[in-house]
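Same chain, two versions here, written out as structure tokens and called structure 1 and structure 2.
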Structure 1
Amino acid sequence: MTTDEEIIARTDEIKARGKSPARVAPDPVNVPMIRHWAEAIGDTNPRWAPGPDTEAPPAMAQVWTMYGLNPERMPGDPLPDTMQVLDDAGFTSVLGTNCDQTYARTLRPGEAPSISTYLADVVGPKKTGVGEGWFITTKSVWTVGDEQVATMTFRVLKFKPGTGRPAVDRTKTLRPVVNRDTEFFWAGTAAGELRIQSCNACGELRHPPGPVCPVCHAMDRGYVVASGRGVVHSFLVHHAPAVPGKRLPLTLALVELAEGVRMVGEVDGDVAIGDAVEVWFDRIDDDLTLVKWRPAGAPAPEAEPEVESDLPVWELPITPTLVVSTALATRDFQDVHHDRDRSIGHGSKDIFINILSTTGLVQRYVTDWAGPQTQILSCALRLGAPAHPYDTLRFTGTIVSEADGVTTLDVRADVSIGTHANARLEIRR
């Protein structure tokens, strides 16, 4: 078993080698690859269209020097060498986390860019949401002849699959059965009311609701709005099995309401039998709001603030085709972007969009707003929650500053389980 000290010693040797020899792109910049990229990203900027003045999108800088599906690695390339060290130690899964690029100019068909890279840092082991792993940071420079055309600081996480704490996908929350007996209750939660069924004939309160009064057997039903206060009659802490849409451990309590009925619900916070609790309403989506409880007097969980945007909001449905086609267009053949079974085996719930594609989509969002002739000077992007198929990417943008002809923007891309990416761009319009 490889120790942490051995990993550090081997990666220090790679660092000491310094910058790798320049490696020329396997193919020169060419119109077919630019067209495939633009089609996959959905970028209709006329600058990328075939013609005598075709340019390559700035975000394609890394694409030209990607190794491909069955690569023959160049000896001395620090990133694959470092990845191999961590593969040997059992850190076999990989996830891109940061991609900070600068662009001196766009590339044009026929040019043959070269890349030179050095290993800047290896940090670990770290506990992360996807698993225990090591962060690898490399710095690269692309040149055409003696001209520097782009730079990149790139960070990936190499981690052990199955050792992380996966993000909670609230869209998978189990849906209650809504029928004629219960629809009043769920209409109440949506309105921020805790409703208890009552018998209009004798006034008896009952929960869970039903068609017949257990006291007088009348079928004349109504409801009252409860105060939302109660005490914990009993509780348990659920550790396993997993519950869709919930993070474990999960506290479930039988709450005795001030009105005299008892109700089972999830508790947010630590409680003991006899503790006073109060209700709060957890909005899952437009169709479902759940009843939850918290210790009396505890501050209410803060609602996620609505993201303000200076740029028009763009919502992009994530389809399997989008994930796969953009990965192929970026010459990224990591199985987690194409093969669902392999991706699940690496600890993910499905395939997901790669960092190069996210960079391209962010830049498309900005140039769609700023205009096709916009020059992107830099793009510093940090990934967060994965973007899986059947979700939606929601892009928003904020103007940070404008000075000396340069506009600085912050772009955010959200998915249902959180923020997928934050990026800061500098552009000249």
Structure 2
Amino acid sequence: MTTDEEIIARTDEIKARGKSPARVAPDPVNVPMIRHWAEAIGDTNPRWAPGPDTEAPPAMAQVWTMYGLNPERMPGDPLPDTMQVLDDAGFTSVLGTNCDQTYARTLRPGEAPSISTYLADVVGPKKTGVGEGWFITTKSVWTVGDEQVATMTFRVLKFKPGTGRPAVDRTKTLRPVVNRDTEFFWAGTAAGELRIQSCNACGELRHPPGPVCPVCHAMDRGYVVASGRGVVHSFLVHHAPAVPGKRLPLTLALVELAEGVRMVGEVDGDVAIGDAVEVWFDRIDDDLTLVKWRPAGAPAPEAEPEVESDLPVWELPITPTLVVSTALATRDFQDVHHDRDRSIGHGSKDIFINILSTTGLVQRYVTDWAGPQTQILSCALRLGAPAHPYDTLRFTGTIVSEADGVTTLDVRADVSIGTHANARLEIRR
């Protein structure tokens, strides 16, 4: 196994090589690839449409020089060489984390850009959410002839699979078995009510509920809505083993409600027996809302702040077709973007959208709002949670500043488990 020092030594050698020789795009900028890209991204900007004045979208800058399906690596290309060093050291998985691009102008069909890249930085080992790894930063320029047309700072994380904090997928929370005797309770949690079964004959309150009043045997029952206040009767902190949908350690309490019945639930924060707690409702998804507890008087758990958006909110359902078609239209043939089995094998939950397509979707969002003639000057993108099929991308955007004809925008793309991408763009309208 390669040591940290050996990784640094070998990558220092790659750094010392400086800029790679220019590598020319395998195909010149061409109308069919632009049309495929625009279809996959769903970008209807007329400037990309076939015709005498077709332009290439700026977000395609990297597409032209992608290696393709069966690449023959150019000797001296620093990124594949650096990746190899880390592969040898066991950091075999890769994740794009940042893509900062600037665009001097759009490209035209027939132009054949060349790319030259140097290794800027290798930093590690770092503990990250996905695992222990190294951040590799490369800097590239694209030229047509002697003219620099675009630049890119690209950062990937090479990490050891299986060394990260296991991702918690809340939707894996075990589902309650519900029947006609208990459905009122779960309907209550969904409505933000903590319901306790009451006997319509004798008034006895009861939890867990059932079809018959054990006191008077009446089967005529209703419910009362609890005050939501209680006291910790007992609790535990679960450390092992893993529990589907839960982050560990997990504090679970037996809460004695003011109304006299007891319930089990998760508590936020440290508790002791006798502590006063109050209820809150944690919506897991459309089918399940759980009753949870927090110390009485504690601030409400930070609700996701409603994002203020200067741009109209755009919601894009993610389909497998979107993921696969955009990956192929950006000439990215990594299996994690089209092969679900292989993607799961790499530790992912499904295929996911590639970074080039996220760049394309962000720029489409901005130009759909700012108008087709908008010139994108730069786009600095930071990736977060993966965007998987059957989720929804929700784009919001805020204007940061406007000066000298340049508008600076922050765009955020959220998925159900968090923020997929943050981007700062400079545009000229």
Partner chain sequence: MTFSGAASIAGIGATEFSKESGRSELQLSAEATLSALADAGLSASDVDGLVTFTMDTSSEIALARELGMGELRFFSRINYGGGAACATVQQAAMAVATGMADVVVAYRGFNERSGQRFGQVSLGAATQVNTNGLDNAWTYPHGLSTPAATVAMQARRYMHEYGATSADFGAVAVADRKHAATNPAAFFHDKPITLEDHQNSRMIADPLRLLDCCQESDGAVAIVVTSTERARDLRAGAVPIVAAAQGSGADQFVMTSYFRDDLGIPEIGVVGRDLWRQSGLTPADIQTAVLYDHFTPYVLMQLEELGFCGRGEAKDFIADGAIELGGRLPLNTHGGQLGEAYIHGMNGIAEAVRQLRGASVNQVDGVEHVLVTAGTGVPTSGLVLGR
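For clarity, every value in this text was computed on a predicted model and none was experimentally measured. So that the term is clear: the rigid core is the largest set of C-alpha atoms that superpose within 1.5 Å between two forms. Residue indices: 1-based, along structure 1.
Checklist entry - Do you reckon the form predicted in complex with the partner chain is 1 or 2? => result It is the second structure (the form predicted in complex with the partner chain) rather than the first.
Next on the checklist: Following rigid core alignment, is the displacement of the G222 C-alpha between the two structures equal to or greater than 2 angstroms?
Outcome noted: Result for G222: yes, a 2 Å-plus shift.
Checklist entry - Superposing on the rigid core, does the Cα of R73 end up 2 Å or more away between the two structures? => result Moves: no, less than 2 Å.
Checklist entry - Hey, does E193 budge by 2 Å or more at the Cα between the two structures once the core is superposed? => result The answer is yes, as the C-alpha of E193 shifts between the two structures by 2 Å or more after core alignment.
Checklist entry - If you line up the core, how far does the Cα of N179 move between the two structures, in Å? => result N179 is displaced by 4.3 Å at its C-alpha.
Item to check | Core superposition result - C-alpha of R294, shift between the two structures, Å | outcome: Looking at the C-alpha of R294 between the two structures, the offset is 2.8 Å.
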